[in-house]
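Before any questions on how it binds or moves, here is one chain, the form predicted on its own, in structure tokens.
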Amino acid sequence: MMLPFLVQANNYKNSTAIYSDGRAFTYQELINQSEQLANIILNGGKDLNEARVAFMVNPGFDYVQSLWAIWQAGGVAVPLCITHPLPSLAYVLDDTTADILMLSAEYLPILEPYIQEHAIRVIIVESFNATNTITNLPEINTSRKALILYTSGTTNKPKGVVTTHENIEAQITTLVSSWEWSSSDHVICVLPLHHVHGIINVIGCSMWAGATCTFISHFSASSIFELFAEGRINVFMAVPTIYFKLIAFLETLPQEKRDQLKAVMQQFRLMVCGSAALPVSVMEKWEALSGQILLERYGMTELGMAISNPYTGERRPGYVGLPLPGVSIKLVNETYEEVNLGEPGEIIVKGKNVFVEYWQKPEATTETFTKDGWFKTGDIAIVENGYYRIMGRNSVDIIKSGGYKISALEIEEVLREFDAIDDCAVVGIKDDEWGELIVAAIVVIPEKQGLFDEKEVSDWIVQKMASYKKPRKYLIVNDLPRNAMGKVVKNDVKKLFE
């Protein structure tokens, strides 16, 4: 059985699939080279049989061919974040027990210590050359596991979200249909490619529809607007933080230049925002500067997208819209009984888009589903005039910042390793740019009083975990607010920063 994404790609062989590294690549090149790379991954074997293959590859053609090659070889793809420090990468590699590691050459020095200590096979993607050798790749059923993405939950360690090829197909096809993707679309990818937003919404949808995807090496507001000005891009997807930065850049430009860019952006077919709540003020500013009403939607790693404002129809500021086709949604109370219309409740979801399990965490998997198979999102919403509005999470230990869902408990565990910190509490506070700003209340050990240095701890923590997880503000306190059971009261911690 040919995997569905290859069936789709074969319909567009001569069309341009990707622009990256200064050149264009057709779907035929993507098909051929991913097949060749799959053969190299197999290394004489017949089928990886769901072996985990981790890959730390730069955004662009190499990334997509690596992902497709892993799937064609019968493997489970495990994308690694290209900006994470070694401890974060090692955690994912150990947790998935990956025995193959695919790399862009520049990341070899970062992972060299891990490679030397573990029996892991390394493939440098740039050294691969397609040979047009006849390949004999395995038949892959869509029920097979395909992808493991890591997300921070309410525990202090990230969990691996396992999706099958069937799950991925469901996630992509509902968006292709609902957002009216076509082969004439051209999208630019500015999102991290170890998250569902970039992998499914941008790459997955564009490649399924036979569209074109342009990749940039790093985020730059000026370079994004230069690409916009060329007039080829007509679809754009980003998180609120990126729109905030783009607005800030536009506001520095002369009025004439702003008007020119607005004229270009008004021609876009679609602009989408997600991964964090979009402040209404940002949505209104973007509409004034671009002429575009952003389409806000709701999703998460475990299910792709579940709710969306309509492509044609009213896009309401502050609302995430309506359930997508094929996705069932309920709002429930603490005992998982459906609430009355107009009452807030936790979103629970069922459908082919929903993941199958947390990797090697059967108890966590069982706990996150109801007895009759609905996934508990942990997000609270209310339906008002037919549209869903997200009210927040039922756990204050999840922070949504810059499009990421971040575990406060994970950050706290790392901070407590710092020699001047006795205890700490990490929370998110509202912020127009980041959605939520990560802040930390710190109890300093007595002998270090007066010696705590914010810059020192900031420089230190990025060696331990991804930089987007570091607190942006610190507050020294004598004691953390606690309840009668000794548990830190996070809402009271937030008040300390007001």
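The numbering used is simple: start at 1 and walk along the sequence shown. Keep in mind that what you see is a predicted model, and the values were worked out from it rather than measured.
The next section is about a form of this same protein that is not shown, the form predicted together with ligand AMP.
- Item | Stretch from 283 to 291, 334 to 342, 386 to 394, 100 to 108 whose residues place a heavy atom within 4.5 Å of ligand AMP in the predicted complex | Partner-contacting stretch among the options: 386 to 394.
- Using 4.5 Å between non-hydrogen atoms, is Asp379 touching ligand AMP in the predicted complex? Close contact exists here: in the predicted complex, Asp379 approaches ligand AMP to within 4.5 Å, heavy atoms only.
- Can any non-hydrogen atom of Ile140 be found within 4.5 angstroms of ligand AMP in the predicted complex? Output for Ile140 is no: heavy atoms all beyond 4.5 Å of ligand AMP.
- Query: Closest heavy atom of Glu296 to ligand AMP in the predicted complex, within 4.5 Å or not?
  - Reply: Yes, Glu296 lies within 4.5 Å of ligand AMP in the predicted complex.
- Evaluate Val320 for contact with ligand AMP in the predicted complex, applying a 4.5 angstroms cut-off between non-hydrogen atoms, and reply yes or no. Yes.
- Query: So which of Ser178, Thr151, Thr96, Asn234 gets a non-hydrogen atom within 4.5 Å of ligand AMP in the predicted complex?
  - Reply: Checking each option against ligand AMP in the predicted complex, the one that comes within 4.5 Å is Thr151.
- Quick one: from Val349, Ile421, Met207, Met300, grab the residue that has a heavy atom within 4.5 Å of ligand AMP in the predicted complex. Flagged contact: Met300.
- Task: Check each residue of 250 to 285 against ligand AMP in the predicted complex and list those with a heavy atom within 4.5 Å, in sequence order.
- Result: Read in sequence order, the residues that approach ligand AMP (within 4.5 Å, in the predicted complex) are Gly274, Ser275, Ala276, Ala277.
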